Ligand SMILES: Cc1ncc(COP(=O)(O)O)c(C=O)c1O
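Only one chain is included here, represented as structure tokens and corresponding to the form predicted alone.
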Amino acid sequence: MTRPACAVIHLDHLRQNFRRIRSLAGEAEIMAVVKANAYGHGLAEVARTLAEEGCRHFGVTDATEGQALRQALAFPASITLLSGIFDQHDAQLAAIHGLTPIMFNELQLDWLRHAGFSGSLWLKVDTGMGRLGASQPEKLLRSCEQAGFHIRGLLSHLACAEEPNHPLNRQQIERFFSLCSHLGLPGSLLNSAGLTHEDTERFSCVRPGIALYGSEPVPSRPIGLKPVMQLQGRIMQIRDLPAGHPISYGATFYTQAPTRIGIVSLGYGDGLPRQLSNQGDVFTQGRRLPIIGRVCMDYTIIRLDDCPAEAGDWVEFWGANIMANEVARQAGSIAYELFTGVTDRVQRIIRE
């Protein structure tokens, strides 16, 4: 029997989230960000579902992910490499599979020339993030044009989009549109969080990622998303322990009274943050129940109290009843890390 640890992927929720995002995007194209195996949700299944909803533009990390996505799709979608290309081999993959790299230096341009690349590019600039960006965008643009490459537009990224009132947002937007005007290029700047509080009319393309998967990018400004992933384990055993009994590694928890516990088949080896030890919750049988003791590699122990749960019952760690954002806060992390941290040994169960 397959070990009962699974991530149920609700594609109907993915569809609803995409439609909500499309309503916010206005006339801007939507580049659905499906990098890192669609944030741990399954690249092929997510991309095909979004394609059925009319999405024709996708963003991945690199040429290897781009190749996998191209092979998963049955139509000629636009696939942007958000980290560009790393070497000559990547350039060849971009040429063979019709991928669209971002560009931020001349070395990448040389690789593409030698690969016989003849497609489109995005020019990446840094407007305040302090990350990737062309140091001389005007010169790089001229070099790309001289090489005969079509430039789709200017691309940058907001550093503080999750904080709508942060002054850096306005500074970045002003710098970005100044560059767009100077270079005569359309632009793409907004991520999921930016979509919730910025006007999309001035942008040719928006790049939602985390919102597709149902995590509210700005929790104080919810836009009505539904969680796509539901992480679950099953109760393997129920035990009744006396008062004063230690629980799990390090004996960080002792029962204060006779206690009914459940041992659940999911742990940090599956991607559950160990930081949830003695502070996280799960959901089963209509109730939230506390995690007690340290999270183990393969197991998590929960206090059942008077909950009528039985061995074999499924337990939710995040999903429709416990939001990933809440779990992430308890773990001192973010939902992005939760989703992408779900390991390969966890089954992905696809549901429409």
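All of these numbers come straight from a predicted model, not from anything done at the bench. The first residue of the shown sequence is 1; numbering continues from there.
This next part talks about the form predicted in complex with this ligand, which is not shown.
The candidate stretches are 252-260, 190-198, 68-76, 172-180, and the one lying within 4.5 Å of this ligand in the predicted bound form by heavy atoms is 190-198. Within 4.5 Å of this ligand in the predicted bound form, a heavy atom is found for none of His89, Ile96 and Arg152. This chain appears without its partner; in the predicted bound form, the one residue of Lys35, Arg294, His57, Arg303 with a heavy atom within 4.5 Å of this ligand is Lys35. In terms of contact with this ligand in the predicted bound form, the residue from Pro137, Gly128, Pro227, Gly209 that brings a heavy atom within 4.5 Å is Gly209.
Contact between Leu82 and this ligand in the predicted bound form is found at the 4.5 Å heavy atom cutoff. Though the partner is left out of this view, Trp318 does not reach within 4.5 Å of this ligand in the predicted bound form, counting heavy atoms only.
Within this chain, Phe18 is remote from the site of this ligand in the predicted bound form, having no heavy atom within 4.5 Å. Taking this ligand as positioned in the predicted bound form, the only residue of 310-340 that brings a heavy atom within 4.5 Å of it is Tyr336.
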